[in-house]
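There is one chain below, alone, in structure tokens, taken in the form predicted alone.
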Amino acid sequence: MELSAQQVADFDEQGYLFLPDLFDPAEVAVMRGEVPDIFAQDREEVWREKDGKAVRTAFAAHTYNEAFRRLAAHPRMVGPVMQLLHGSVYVHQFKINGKEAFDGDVWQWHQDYGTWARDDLMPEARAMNIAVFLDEVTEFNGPLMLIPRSHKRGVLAAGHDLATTSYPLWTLDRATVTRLAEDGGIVAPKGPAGSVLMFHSTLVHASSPNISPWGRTIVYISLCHVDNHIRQFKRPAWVAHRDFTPIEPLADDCLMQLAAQAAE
């Protein structure tokens, strides 16, 4: 998959691209079918909310689940990122964010590269996120909120919030978020399962708690240029990966191949 010149220009200007229906319902079904088993596992990669029950995020599922291993090397995921980052990439981080009905907690305003630079010593912001909606994302179930053009501000001052949620995060203060939003506004891409959202690693973003009766599961794959790999290894390898091997994209029908094998 290759982005058009207009899509590349839009990403450079706004800091994100939204691609509805990039994966069809059959492909989504392959991935969604794996989530309950992953969320039920009692393993360190599955991080829960403060209640100790609802899943906040399941890290590194691509290392122990075949469907998500294939997603991490899917050409519709890897191709556009290689195009935007001008070269080979590796998986820096892989997570399935639960945002469970009624119990999904807030993700505070932050920049992902802010964390990667401070905690992992990633040299430059030559990395980005690409997210796949496994559920329909609406205005009710905690959509991701983005501040367009905020990626142009570089790495912003942040505080290490260890108390608000179960997951430590480098967060921005209210004055900074207000100033950025007054300039760029706030958008919340919404759409059906199978939609894909790509955004720059310094784009400021957040999501509110999900108090609706509808869950919202999104897979986030953070890809980094292989020359820009992290230099510090203080976080667990299942949070910030240490395998910098360039991804070899699989066939475009790799998810359906898996479904066919399961049906045999």
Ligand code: SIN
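All residue numbers are counted from 1 along the displayed sequence. What you see is a predicted model; the values in this text were computed from it and never measured.
Only in words, not in the display: the form predicted together with succinic acid (SIN), which the text now covers.
Residues placing heavy atoms within 4.5 Å of succinic acid (SIN) in the predicted complex fall in a single listed stretch, namely 200-208, out of 200-208, 228-236, 38-46, 63-71. The partner is absent here; in the predicted complex, the one residue of 177, 144, 78, 117 having a heavy atom within 4.5 Å of succinic acid (SIN) is 144. Checked against succinic acid (SIN) in the predicted complex, the candidates 170, 94, 90, 107 yield a single residue with a heavy atom inside 4.5 Å, and that residue is 107. Contact annotation: residue 151 falls outside 4.5 Å of succinic acid (SIN) in the predicted complex, judged by heavy atom distances. Shown alone here, residue 214 lies farther than 4.5 Å from succinic acid (SIN) in the predicted complex, counting heavy atoms only. Contact check for residue 112: a non-hydrogen atom falls within 4.5 Å of succinic acid (SIN) in the predicted complex.
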